[in-house]
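We begin with a single chain expressed as structure tokens, specifically the form predicted on its own.
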């Protein structure tokens, strides 16, 4: 993984950008979840990055409320902060305590959380789904941003925590590898000041058995080179709930655009699992561009309340300070 020098102020902004970017992308895409590309186009028009209504001044935040994507991301952050790192049992309990059906949880995730609530081990519950195969959905990747931030400069720990936190609800190899890939994409977005070379680093992050993700990243590279249309992106990368049909799409949406607004607008314009692809694109883009680059119009519309945008920003601050304190303590001991 290539490391770039990151100023302290920039790093704090990137932490905030990734978490609040998740929520903004989630809320922006929520009203269109399950829509086809054709339906999105018929309702919102056909401008280049879909960052317009008829007034050409930006895609308005139709829905102020986030979904399970952000609620589970909040749970990851809360647990990491509380424990100064990963604790699987605590994170699982946090997911159970936070879960509200009105946030549109998938049935598989709710089943796992109910099993854990009933006393099953967090290490075993998700493996009971789908005839013992576990889920390969994108539910672990969508929430991974806090872990990616906390371990952004430690690839071995990043992989381990992404895998373990994924396993709580999504134990299929394709689900966990999707979470790992999304985590590395966010970490690289924090580390880098330019996008060139990111795909090569992402390919290096893949395990030998992650063939489908390797092929998807090759497709991302091909689409970038030839400037593929949205129909090509949908056909090659996908927009579905499977992690391998959405994580690469979020990465492409980030790479093919030049700012946060265009990246997230592009992601949700594709249709399909719009809230999750929007959330994952928002996490990567927020980690790269920083919090200041999120449009004020979108941010102002995002819900407040007990765990609204101010709380998410507070979580990002706490996560940053815990990261900074632990690294400083490590250096005082070993450096």
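Positions refer to the first chain, counted from 1. A quick note: this is a predicted structure, and the numbers were derived from the prediction, not measured.
Just so it is clear, the following notes concern the form predicted in complex with a small molecule, a form of the same protein that is not shown.
Using a 4.5 angstroms heavy atom cutoff to the small molecule in the predicted bound form, none of 177, 211 and 245 count as contacting. Just one listed stretch, out of 203 to 211, 157 to 165, 97 to 105, 76 to 84, contacts the small molecule in the predicted bound form at the 4.5 Å heavy atom level, and that stretch is 97 to 105. The contact residue chosen from 192, 230, 172, 115 relative to the small molecule in the predicted bound form is 172, the criterion being a non-hydrogen atom within 4.5 angstroms. Though the small molecule is absent from this view, in the predicted bound form it lies within 4.5 Å of a heavy atom of just one residue from 122, 150, 184, 136, which is 136. The closest non-hydrogen atom of residue 257 lies beyond 4.5 Å of the small molecule in the predicted bound form. Under a 4.5 angstroms non-hydrogen atom cutoff, the small molecule in the predicted bound form lacks residue 144 among its neighbouring residues.
Interface residue remark: residue 276 is counted as part of the site for the small molecule in the predicted bound form, having a heavy atom within 4.5 Å. Using a 4.5 angstroms limit between non-hydrogen atoms, residue 236 is distant from the small molecule in the predicted bound form.
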